[in-house]
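Below, in structure tokens: the form predicted alone, a single chain.
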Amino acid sequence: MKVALVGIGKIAVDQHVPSIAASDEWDLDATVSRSGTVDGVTSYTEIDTMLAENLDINVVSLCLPPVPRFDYAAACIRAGRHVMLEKPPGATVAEVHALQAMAEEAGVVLFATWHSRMAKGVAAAKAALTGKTIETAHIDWKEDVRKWHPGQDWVWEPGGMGVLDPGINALSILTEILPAPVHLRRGIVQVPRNRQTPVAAELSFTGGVTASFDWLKQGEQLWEMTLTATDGTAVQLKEGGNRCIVDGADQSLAELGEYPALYARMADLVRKGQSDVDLAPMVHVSDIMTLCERETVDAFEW
């Protein structure tokens, strides 16, 4: 299938382009970006021009930041194209619901991707916890924004989510593997005095679940969660979900990496004519921004 990639930034170059290139199911046929391009691929600066000139492209993968994404997705749906949304799928829950309705009416596939759910150890963790009751769970998701989003001011602006941009990856795994849903009870988010979005968060959910997010972690990056069930089963996910340990034993891992697995899933959805839009991780982020106390901290500068 021919796919167009929109938003040629760091995530597109690091993950989407090589995943498409390595797949026998996909052909990267066009890009849309104000500045970025991919060698050997036809490039455009306007989405409407690409859609008008490439009628044989039936899938568009949107990798641009969440705030402008709705208008691009809506244009693609109106043009009868299937749409793949990088996480988070939009700037608000309501706008993604609107895209769902549009896609259903147009008869096209909409896929709200959560790449961390495709980490190699997540399926094993889910299997180990199926049918059990969680007693306690803790998430440590701590990374360096200067390494992963260098100079990208949009992450600090409304809709950029700040530390909840990586934090939603942890929440996407949590909502995938928990046997029963949980909701936020309380929390504190720290917001730099010169920015609009949080740089850190301490969160407490129902069901004994807690989380600690930090965007200023230097040195070794930390993406881990530990869950214990009432029957004593202990599950650890490390390396962003790519390593799963159950009761002290490493588990067998899924074969595909995160983004190759996303594109395999999208190909399957298109063949079946089915959409996949799970907004549970985004609902948690919305709750965090609504319910948490806000603490002003030192200014952030690149």
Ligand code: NAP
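As the structure is a prediction and not an experimental result, all values here were calculated from the model. Throughout, we count residues from 1 along the sequence that is shown.
Absent from the display: the form predicted together with this ligand. The rest refers to it.
Asks: In terms of non-hydrogen atoms within 4.5 angstroms, which of the given stretches 190-198, 224-232, 144-152, 126-134 touches this ligand in the model of the complex?
Replies: The contacting stretch is 144-152.
Asks: My question is simply whether Ile11 lines the interface with this ligand in the model of the complex - judged by any non-hydrogen atom within 4.5 Å.
Replies: Looking in the model of the complex, residue contacts with this ligand include Ile11, since a heavy atom lies within 4.5 Å.
Asks: Would Glu176 sit within 4.5 Å of this ligand in the model of the complex, counting heavy atoms only?
Replies: Close contact is absent here: in the model of the complex, Glu176 is far from this ligand, nothing within 4.5 Å, heavy atoms only.
Asks: Would you please decide whether Ser35 lies within 4.5 angstroms of this ligand in the model of the complex, comparing each non-hydrogen atom pair?
Replies: Ser35: yes, in contact with this ligand in the model of the complex.
Asks: Taking any heavy atom pair closer than or equal to 4.5 Å as contact, tell me whether Gly257 reaches this ligand in the model of the complex.
Replies: Close contact is absent here: in the model of the complex, Gly257 is far from this ligand, nothing within 4.5 Å, heavy atoms only.
Asks: Could you spot which one of Cys63, Val59, Leu51, Met266 gets a heavy atom to within 4.5 Å of this ligand in the model of the complex?
Replies: Contact with this ligand in the model of the complex is made by Cys63 alone.
Asks: With this ligand left out of view, choose which of Trp156, Phe205, Phe111, Tyr72 has a non-hydrogen atom within 4.5 angstroms of it in the model of the complex.
Replies: Exactly one listed residue reaches within 4.5 Å, namely Tyr72.
Asks: Looking in the model of the complex, is this ligand within 4.5 Å of a heavy atom from each of Gly7, His115 and Asp165?
Replies: Every residue of the candidate spot has a heavy atom within 4.5 Å of this ligand in the model of the complex.
Asks: Sequence order please: the residues of 69-95 with a heavy atom within 4.5 Å of this ligand in the model of the complex.
Replies: If the 4.5 Å heavy-atom criterion is applied to this ligand in the model of the complex, 69-95 yields Arg69, Tyr72, Glu86, Lys87, Pro88.
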